[in-house]
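One protein chain, two forms: both are listed below as structure tokens, the first as structure 1 and the second as structure 2.
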Structure 1
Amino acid sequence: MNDLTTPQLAQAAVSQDDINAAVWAACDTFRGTVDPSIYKDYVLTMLFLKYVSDVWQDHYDNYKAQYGDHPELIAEMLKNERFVLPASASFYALHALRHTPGNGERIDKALHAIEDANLSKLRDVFQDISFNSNKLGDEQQKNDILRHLLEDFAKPALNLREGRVGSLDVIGNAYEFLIKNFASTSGKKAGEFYTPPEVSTLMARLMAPQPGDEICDPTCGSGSLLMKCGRLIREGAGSRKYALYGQEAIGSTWALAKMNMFLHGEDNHRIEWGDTIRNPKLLDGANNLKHFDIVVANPPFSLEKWGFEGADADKFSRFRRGVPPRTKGDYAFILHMVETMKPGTGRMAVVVPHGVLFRGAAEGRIRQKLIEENLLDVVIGLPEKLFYGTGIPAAVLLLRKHKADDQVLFIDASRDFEAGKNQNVLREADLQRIQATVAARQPVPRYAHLATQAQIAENDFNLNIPRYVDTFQEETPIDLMAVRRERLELKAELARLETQMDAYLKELGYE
């Protein structure tokens, strides 16, 4: 093991807000030069590189203090780490050479060396990002930008050694903080990689994950929804006995998910890169779709090119209830999720646009079959402007393989939120109200209705929430005679005041 050169930094404890502010400030290097949708990958990858470098150095220094006269023993101890860091691939090796040409090429080589040394965890993670790309400008501009980026991450505020930041969650939370902030500035592209934290928290809680559960997100984005489920098991049962599975179609976003899992210490995961509808990769030993206890997703809304052409011949029979419309893939993802629920414990939560609730033709027929098979459990209407990149309101559908009854609970939560300038937010009280209503499974005036299958059939299997939850509030009748009396009293009072004012003016000599 070669000793890495790092500045000797104080190990004072640091808050989550301090780390968040420091990583966000590091983005200043790119602002005004590169679009956020591009530079987010560079900043998030650099955070990853800085973290693994600091942790590796921290552990190396500790081993050296204990076994300084036995370098071979130090090397053996380092083999037991969660990852291997080649000396030449350290952040500090790159930082030391920052003033010389070739920063982009050196960083790329370092990342690939880290990947090669940790293939079981990081295979292909860095193949979709290049710090040597012309996206960062010509060679001189690129070298300057990357020099500044290395200098930003070398500042004492971004010393990420375990002795300073403590819990691994601090780094994971900083990563999530960056992803959230990039989402808020990325417009429509944000929906490709991020679900608002309050929505993912709600979905995870409603799924009630338990130790031993296998949990899947077939459109996992950066992985935040999956990790919310895992965190609930760790915090509730103190157990890490669970497994996270995901698939993501966009290569750079898949890489974000892999790094996100790593930074949160979620080693028991399998995240695949590929199109879930055209090429599902989460299969069992017999090459059939793998089944899960929990399936959660925030799929792309009404995806136009979802794979209609091959749906009729789908070898997994996911579309036996019907083939979704050519230009709207919402039910393609729903049907995929239904097919991957375990027969006994299977349950799922999916975010959908409201059109899924009432559109007719093929979607209407699919919806009818899901209801008649008693799979649909709860329909929750959410407020507008919750999701990045779209102002339209969405709904969350809960489906279960085994329900306690044959009814469907409708919840209109569209009016409970905290208004924001660009995005509205679900408050903790709003989340708890939804959870309590789902748990009680009882009608609540102007908020929730428990509908029978007969009622839904009467509505032609239209699930539009206002058909079931009457939010009309009768206005208090107006007493017109009382209003007339009050008006006459006010007129009389006005006449009295005008007479009094005339008298005062007369006393002052004004006629």
Structure 2
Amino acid sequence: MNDLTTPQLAQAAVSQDDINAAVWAACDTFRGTVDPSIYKDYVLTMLFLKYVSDVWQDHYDNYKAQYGDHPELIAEMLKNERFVLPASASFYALHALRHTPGNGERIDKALHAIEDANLSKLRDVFQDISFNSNKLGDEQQKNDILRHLLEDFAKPALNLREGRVGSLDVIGNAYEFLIKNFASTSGKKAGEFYTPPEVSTLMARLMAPQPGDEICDPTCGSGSLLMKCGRLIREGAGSRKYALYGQEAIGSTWALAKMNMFLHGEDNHRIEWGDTIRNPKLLDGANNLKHFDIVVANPPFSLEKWGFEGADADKFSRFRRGVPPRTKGDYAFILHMVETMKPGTGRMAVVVPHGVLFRGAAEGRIRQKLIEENLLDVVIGLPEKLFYGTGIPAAVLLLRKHKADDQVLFIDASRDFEAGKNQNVLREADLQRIQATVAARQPVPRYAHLATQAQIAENDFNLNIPRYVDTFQEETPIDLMAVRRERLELKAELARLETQMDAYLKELGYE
């Protein structure tokens, strides 16, 4: 009897790790031939296609079992699916033809057919990805690689039917697993500026998202940070009443964000494609910048060509506190975020390099204004080597439209982490300590300091964390008399050793 039940159980209980391993193995097909920054788009798109096909097939089979074999009836019922899948565009149709040349063209056509059938959701999502591209090599190599890719995704481990996988999150997590691994294996090139999961968790928790909040990430990348915020609301209040907004400059990353959102079941989102500084896309009815309850971002560190030329004449006057320097975009993103906070509930968290805390000139003047307007709430210094592709330590700034007091809390969290070989990580306890300190808003010796506006002004509005949080270990006072006594003892010991060694040398025949 057991013999019969065991395999079924094994099939039902599919673990996240199994799926992660299977998708990671699918990348082997590309390794050595194509650069990770290129093939990540192919693997991630294929995962999305497989997911849509499997869900479709799952529902098709259910209807068939329920209503018998009436293709027209079933087809009619399937028109109400979340994603409509034209028959020729199914993964399985592509897989069946994998040995016939023309894989690249067939996949491209399938993707466009899916896009056309789901225009409201997937408009333009597949425009930047071409499986028929010469990036994959000549015709024969391309057919070969894609055949392998189709076969990899046809493996039983990657059967993504709801009946097998259960919750949607498993697929979404596999997707994020891939994005994270691409980020950590190839650094900045493939991961652009992927935020480490603990940092985005920290930012989401510090923002304390509430049901009904509108949440925005103006440099959303693959959208993980937004989804962390959404998940907190769902877990906390069990509510799906929130809206996610995002903007991403790189077309292929924007497409990844869209697919990521759908794979996580976050259908209620608006992710726009475009440069946030030069061309903000998230506007309200009157063509002004839309305001949000929560604005979070991990903008590119000190972006060189951020759009200085147009900043003076910015039609949203985001730079009225001053124009950031030509080659450092940090404050451009911060100011954009400040301008998109809602007047009452608006709050924001942004990851910045430390230079933002102390650089002078234009940046110093902008910083001074932000502090004088009592917008800056908390400054958190993070450990070094947390981010992929750069070892520099970063800081998280929290700003708030409506602050409880006019002070700024400084937290030096740079010494709390688990050391890794190339990468450090924040542990749950480290996150909790930061959260608790922010919540308490009280000084903690050698960890946190609550600075008044006057004190910051006294420091010329320099926010360098060591100026406020004194981490210097007080040394025990030295007893000079004891030091002197020890000195005499040591000298006597030396003299004794000298005599001893002389004696040995003499015995050995050296005098």
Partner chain sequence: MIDANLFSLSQTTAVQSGYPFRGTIEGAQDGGVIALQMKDVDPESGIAWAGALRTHLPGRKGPSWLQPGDLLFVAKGARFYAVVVDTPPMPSVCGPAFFHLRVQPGVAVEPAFLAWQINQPPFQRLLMQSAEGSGQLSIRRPVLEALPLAVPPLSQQHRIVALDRAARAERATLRRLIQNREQQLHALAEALSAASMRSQQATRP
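Along the sequence of structure 1, residues get numbers from 1 upward. Heads up, when I say rigid core I mean the largest set of C-alphas that superpose within 1.5 Å between the two forms. None of the values given here were measured: they were computed from a predicted structure.
Peer 1: Between 1 and 2, where do we have the form predicted together with the partner chain?
Peer 2: Of the two, structure 2 is the form predicted together with the partner chain.
Peer 1: Once everything's superposed on the core, is E486 shifted 2 Å or more at the Cα between structures 1 and 2?
Peer 2: Where the cores coincide, E486 still shows a C-alpha shift between structures 1 and 2 that is 2 Å or more.
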